[in-house]
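Listed next as structure tokens is one chain, alone, in the form predicted on its own.
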């Protein structure tokens, strides 16, 4: 595979894929603008343990004749905030218990990356992909070269699924990312349930995740597919404060900074202040290296090479609160892209384990 086709995930402390995710994206409840290709409505409520959904026999129909079809969130009212907080707690406690993963970086970054990759396949043109259907559980998506290493996050979450079989995979994967951000000292992320495990034929085609070997024009066009503006793009890329790349899995090697398991604005400060040299690594791929042993991808450096991105990078480097505020909204948007929520659909903001210990 050529270097142009290698995806490298963004905020993953775990093993990375051939392509790097440019950042973590988000917004709440963006509607799709085209008919769902499979024309199903509330069928396929939840999957069984093998990830195979069961049809209720109802078909997807337009909300209004001739209008786009949207994925409608389905919230089981038997389960409330305390039930989802219990799922959050189980994930967070497992993060603490299994902290030796990846040389004590831990599972947080790879959980964040899983939630990004599950959501980052969304396309506003036809409302396909995204987090709604939990389709990462199928081999077509999980075996995408862009998802190399994410099996570690999926295996980490599988015991949680067995403990709470009522939660959909789409909800579990996205809640895992929210838990990782919050437990690694990042901002609070408002999260909404209601994703439905869809059948295998709704899995998006491979190739929708970003390519690390490109500049600012590519980055801007890529995120436009998911309705993100420049400010949101720069915020989402800040997730690269977490984790590191691994040569064997992504074709790139090294961390973006020193605090690989603490969510901060370090990524922006490193972009601005480190001395970067473009070099070829052992896989013959070009990456930017600093004397401290940090690395940046070409898509990362695009943020300081572009006149519109650069002022935002400088703002977030100076003001972590501004970064956290923008990231909160953008990441929530990413996780909810393409999903339609009713007016009474719940929104949860979970307490961290530390907050519950007070």
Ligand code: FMI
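Residue numbers count along the first chain shown, from 1. Predicted model, so just to flag it, every value in this text is computed and none were measured.
Unshown form predicted together with the ligand; subsequent notes refer to it.
> Given the pose of the ligand in the predicted bound form, superimposed here by the C-alphas around the site, does the shown chain leave the site open or is it blocked by 3 or more ligand atoms within 2.4 Å of backbone or C-beta atoms?
Blocked.
> The ligand is absent from this chain, but in the predicted bound form, do 109, 240 and 297 each have a non-hydrogen atom within 4.5 Å of it?
Yes, each of 109, 240 and 297 comes within 4.5 Å of the ligand in the predicted bound form.
> Only one of 137, 246, 94, 192 comes within 4.5 Å of the ligand in the predicted bound form by heavy atoms, so just point that one out.
Residue within 4.5 Å of the partner: 246.
> Could you work out which of 223, 156, 288, 84 is the residue within 4.5 angstroms of the ligand in the predicted bound form, going by heavy atoms?
Exactly one listed residue reaches within 4.5 Å, namely 223.
> Out of 275-283, 73-81, 127-135, 209-217, where are the residues with a heavy atom within 4.5 Å of the ligand in the predicted bound form?
Going through the listed ranges, the match is 209-217.
> Do residue 327 and the ligand come within 4.5 Å of each other in the predicted bound form, heavy atoms counted?
Residue-level check for residue 327: yes, a contact with the ligand.
> Quick one: does residue 271 come within 4.5 Å of the ligand in the predicted bound form, counting heavy atoms only?
Flag for residue 271 set to no.
> Does at least one non-hydrogen atom of residue 236 fall within 4.5 angstroms of the ligand in the predicted bound form?
The answer is yes: residue 236 has a heavy atom within 4.5 Å of the ligand.
> Consider residue 250 of the chain shown here, and say whether it contacts the ligand in the predicted bound form, taking contact as heavy atoms within 4.5 Å.
Output for residue 250 is yes: heavy atoms within 4.5 Å of the ligand.
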